[in-house]
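Form predicted on its own, single chain, as structure tokens, below.
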Amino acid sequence: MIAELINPYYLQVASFMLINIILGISVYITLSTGQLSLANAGFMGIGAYTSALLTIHFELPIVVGIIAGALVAAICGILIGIPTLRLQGVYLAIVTLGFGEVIRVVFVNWETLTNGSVGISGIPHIGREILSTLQGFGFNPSMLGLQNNQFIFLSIFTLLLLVTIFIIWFFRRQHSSRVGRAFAAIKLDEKAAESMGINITYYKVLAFAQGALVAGFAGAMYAHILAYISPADFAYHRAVEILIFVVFGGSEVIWGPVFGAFFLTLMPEVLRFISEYRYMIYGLIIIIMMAVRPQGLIDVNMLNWFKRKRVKGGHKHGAGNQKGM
């Protein structure tokens, strides 16, 4: 019964959806301080290549490779964040987009290390590693009525789901903390925040580093799920795609990029006949959203409206129970 419900293709699509959600959150983090960064595709590539090279050439465990990839991306985020502190708006977007393109060109031209535009294949697959580790303890997917490939994709999806839930939980908590309030103050008025004693440099670089860390982690997971990466995976179109998740879903609350990534990853799969026109549709979405709803579909007002509706529904349900008594 379980085996019939679990389709490896659907699980793979769901896994890529979760990776896109993580990438959307990485842009949301930097936008929390009012910084529009388009370097996340570059950070994603840094995480992917770092983890892939470490696990292939040094035979490090995948977990170590993924952590190293995320940390190297975070360090690069700090290095790009400090020089761009004085830049805002479109100027910052252009510089960070240029950084992402520089990273891609390095991947293409450093053939002795990255194998150039051909890419890197034979990257250890995280699902197969999980299966082989569990088989060492006597486990077999047939115990659950599953085939090996079904268990591999299910384990990847489960791992990504747990990580995504943790990332959403962490940044929701951070939003309510002193760091989140500092981010919000900087976004509203940088000079006013500085006059109140908020360390602008520290918090803006922190946002860059956190965004780069999350994007680097997503890239490392991407590499170990596909087992193949190339510079084309982290080109300009990827940066635009990540940005669209936030523009469409909304950048005010974390649920905006989560919904944006979910919907825009699912749409080309459900409507296969329009998948080749995806980037044209993305451009159209940007134009419409900027004209009609620049804050995105989900914002603070919408969440407050849902909360009020839920509270009213709860009161009505409670009153109905009292009348029945």
Partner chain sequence: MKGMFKKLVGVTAFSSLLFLSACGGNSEQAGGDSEGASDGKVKADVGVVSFITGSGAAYGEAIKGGLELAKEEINEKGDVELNLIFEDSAGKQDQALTAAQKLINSDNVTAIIGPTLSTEMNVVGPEADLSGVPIIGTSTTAEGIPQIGDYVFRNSIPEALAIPASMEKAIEKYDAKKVALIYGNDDVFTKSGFDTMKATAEKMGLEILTTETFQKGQSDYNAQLTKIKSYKPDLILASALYNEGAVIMDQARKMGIDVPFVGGNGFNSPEVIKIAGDSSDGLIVATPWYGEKEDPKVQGFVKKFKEKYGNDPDQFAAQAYDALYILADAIKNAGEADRDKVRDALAETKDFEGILGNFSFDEEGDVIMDPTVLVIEDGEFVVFE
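Positions refer to the first chain, counted from 1. Being a predicted model, the structure only gives us computed values, none of them experimental.
Beyond what is shown, the protein has a form predicted in complex with its partner chain; the following relates to that form.
Remark: of stretches 209 to 217, 134 to 142, 77 to 85, 157 to 165, the one touching its partner chain in the model of the complex is 157 to 165 (heavy atom within 4.5 Å).
Val118 is the sole member of Leu113, Ile94, Val102, Val118 with a non-hydrogen atom lying within 4.5 angstroms of its partner chain in the model of the complex. Under a 4.5 angstroms non-hydrogen atom cutoff, its partner chain in the model of the complex has Leu226 among its neighbouring residues. With a 4.5 Å cutoff on heavy atoms, Val240 does not count as touching its partner chain in the model of the complex; it lies far away. Residue contact check for Met289: none of its heavy atoms lie within 4.5 Å of its partner chain in the model of the complex. Heavy atoms of Gly34 never reach within 4.5 Å of its partner chain in the model of the complex, leaving it off the interface.
Residues Gln12, Val13, Ala14, Phe16, Met17 are the members of 12 to 27 with a non-hydrogen atom no more than 4.5 angstroms from its partner chain in the model of the complex.
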